[in-house]
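Form predicted on its own, single chain, as structure tokens, below.
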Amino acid sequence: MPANNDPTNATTAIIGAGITGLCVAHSLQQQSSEQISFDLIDSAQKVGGAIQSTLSNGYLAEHGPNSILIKDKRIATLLRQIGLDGDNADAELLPARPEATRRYIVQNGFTVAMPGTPTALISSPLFSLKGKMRLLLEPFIGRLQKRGNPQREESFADFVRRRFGPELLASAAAPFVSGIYAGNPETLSVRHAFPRLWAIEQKHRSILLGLIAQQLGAENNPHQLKPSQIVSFRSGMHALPNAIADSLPQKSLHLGAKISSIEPNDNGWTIKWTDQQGKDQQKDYRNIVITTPPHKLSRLALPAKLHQTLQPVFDIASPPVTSLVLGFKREEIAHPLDGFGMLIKQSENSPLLGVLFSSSMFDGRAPDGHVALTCMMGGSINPQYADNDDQVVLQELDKLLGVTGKPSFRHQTTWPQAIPQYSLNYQEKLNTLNTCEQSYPGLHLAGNYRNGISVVDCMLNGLDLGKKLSRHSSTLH
């Protein structure tokens, strides 16, 4: 017999204790209703998914995301609610150093600062005079004309070339895509991968004019927080999922669980699993929220028909990415490391996607007199580089940053399927997700493969879904 078969114990099951699932749980918890309860179920032994941190010998290495950008009041509120932001000197919230706003692009073997102002743009060696003049034409470029094919998706690369010219794509936009998606700008859908940029063109026709309108306050976003702020946490990014989990009822968290069956019933869903003590569990839920990534979603014990319908979602490409954190003595690096990091143009044929200057961004990432560099490798264009040999990396660091000597610290994390790609056929994936949710009442599919890949996107999506579930629950009572 199952150890637990109490259908009234929880109204919602959340599968996956990554940042999306945790924020769904947090949002439900904040509704403070006895009728809104949940179980958070994950096969891992700790929460956070890809957001993990390792502290060793005075170095702090992030396995996944290194920071978040706070530009939304809802994120700031959550951080206060879970105790990460406070007035005391020991508060976990750690703002980035001022120099973190500076970013470099590697061009012709040298690091060149990205221009941060119109004046800097004029004098920047990143673009030729012809390229700069082409940028100035952007306000006069119209929207994409889809004659004869209104459903055609435009790639991010085609979007940038059409609006700003090929130089901006090669020297700034394409490296930017590598830094965010580890992706190929030629195959990413601008509408889905960069929806805010796409929406600006739809509303204002011109990106530059739209950005000016936003700066002047023409866009009324009640959630916008100004100025935005890049932050991490003193003990590492894992402080974020850990703090959310600590704020939840202890009985709601089920780690180390092996789910054996997920089946719809007359009132919702029945889930069977084995807990980490080896005991069989079975519970009924009105709602089920599945936040696992596509490649793990395909391995869940879903109903056969649902599994078959979800096949297009399972096929979302997620290229491999490796994060290699290396520590050095400060005097062993010639570059001033005065910025967020560097991104590398594809024409450089580098084995690296980019390098984060981790100890320049945040305090506490390296011991005194040492620095930490986070080298990113792999991605859609050169997935084979995810398996780079250390010597290849060190040679590239020597060439680009003047790094000499042997690393005093090393920590590597390889994600075989890292970042979902919102490709040109992504609308098909969305249609599949919508169809499944409409066909199976109480089913909700969420995660970084839907509505944004960033940590903040996942947090906001989780918070919004929690509110939606609580509103639905309140109408039933």
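Since the structure is predicted, the reported quantities are computational estimates derived from the model, not experimental observations. Numbers follow the displayed sequence, beginning with 1.
This next part talks about the form predicted together with a small molecule, which is not shown.
- Residue 51 is the only one of 443, 433, 51, 36 with a heavy atom lying within 4.5 Å of the small molecule in the model of the complex.
- Distance criterion of 4.5 Å from any heavy atom to the small molecule in the model of the complex singles out 17 from the list 25, 17, 13, 469.
- The small molecule is not shown here, but in the model of the complex it comes within 4.5 Å of a heavy atom of residue 453.
- A residue is said to contact a partner when one of its heavy atoms sits within 4.5 Å of a partner heavy atom; residue 306 fails this definition for the small molecule in the model of the complex, lying far away.
- Within this chain, residue 107 is remote from the site of the small molecule in the model of the complex, having no heavy atom within 4.5 Å.
- At a distance threshold of 4.5 angstroms between non-hydrogen atoms, residue 171 is out of contact with the small molecule in the model of the complex.
- The partner is not drawn, yet in the model of the complex one stretch among 189-197, 291-299, 96-104, 347-355 has residues with heavy atoms inside 4.5 Å of the small molecule: 291-299.
- No member of the trio 91, 239 and 330 reaches the small molecule in the model of the complex with any non-hydrogen atom inside 4.5 Å.
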